[in-house]
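Here you get one chain, nothing else, as structure tokens; it is the form predicted alone.
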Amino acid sequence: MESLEDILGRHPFFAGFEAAHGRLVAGCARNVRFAAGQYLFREGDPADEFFLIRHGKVALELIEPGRPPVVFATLGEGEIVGASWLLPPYRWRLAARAVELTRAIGIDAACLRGKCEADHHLGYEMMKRFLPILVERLQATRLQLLDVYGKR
């Protein structure tokens, strides 16, 4: 049977990650499963876990009261869902919903934050890996907003 450490080691997010750091992260990990339509998290909820998608698709949604959710990105295998766990107030600023059966690894945020605080090399490595994802998603959202609202 595969360990979570082995599974994490094969996930693209952890490519080239030091084995010792992989063991530390695996200590905060668990397998999770979401049925189609089930929310991984909703806007305003505590950001107490983030997810590495192993199989399936997850829609990132913006909620506007009285209107249907606006999907601004759909993520799949090999991608990360959630970054609000990194910075206070540790609350989700969007919602994430499984579009289809989705299997993922959930990483306990408080556990990992504690390990990053104790081992700044781990914390720096996590930041180096999350920042490009955040910049890429910001750019994708910007382009989508231009597409939706930029038409005159």
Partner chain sequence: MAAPDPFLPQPWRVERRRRELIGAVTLELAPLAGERPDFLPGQFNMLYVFGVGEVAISLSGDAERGTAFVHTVRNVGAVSGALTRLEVGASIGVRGPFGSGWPLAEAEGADVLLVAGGLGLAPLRPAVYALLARRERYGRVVIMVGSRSPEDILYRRELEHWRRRSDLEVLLTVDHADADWRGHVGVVPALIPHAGLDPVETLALVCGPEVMMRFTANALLAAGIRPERIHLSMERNMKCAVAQCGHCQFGPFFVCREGPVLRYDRIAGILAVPEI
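Positions refer to the first chain, counted from 1. These figures come from a predicted structure and were not determined experimentally.
In what follows, reference is made to the form predicted in complex with the partner chain, a form of this protein that is not presented.
Worksheet item: Looking at 44 to 52, 22 to 30, 92 to 100, 122 to 130, which one sits within 4.5 Å of the partner chain in the model of the complex if you count heavy atoms only?
Response: The contacting stretch here is 92 to 100.
Fill in: 4.5 Å heavy atom contact, V81 to the partner chain in the model of the complex
No - in the model of the complex, heavy atoms of V81 and the partner chain never come within 4.5 Å of each other.
Worksheet item: Using 4.5 Å between non-hydrogen atoms, is D147 touching the partner chain in the model of the complex?
Response: It does: once the partner chain is placed as it appears in the model of the complex, D147 has a heavy atom within 4.5 Å of it.
Item to complete: Indicate whether L143 is a 4.5 Å heavy atom neighbour of the partner chain in the model of the complex.
Response: Flag for L143 set to yes.
Item to complete: Report yes if any heavy atom of D108 sits within 4.5 Å of a heavy atom of the partner chain in the model of the complex; otherwise report no.
Response: Looking in the model of the complex, residue contacts with the partner chain do not include D108, since no heavy atom lies within 4.5 Å.
Worksheet item: Looking in the model of the complex, is the partner chain within 4.5 Å of a heavy atom from each of S3, D6 and R10?
Response: Contact check failed for every one of S3, D6 and R10.
Practice prompt. Would you mind checking 56 to 75 for residues with a heavy atom within 4.5 Å of the partner chain in the model of the complex?
Written response: Result: K57, E61, P69, V70, V71, F72, A73, T74.
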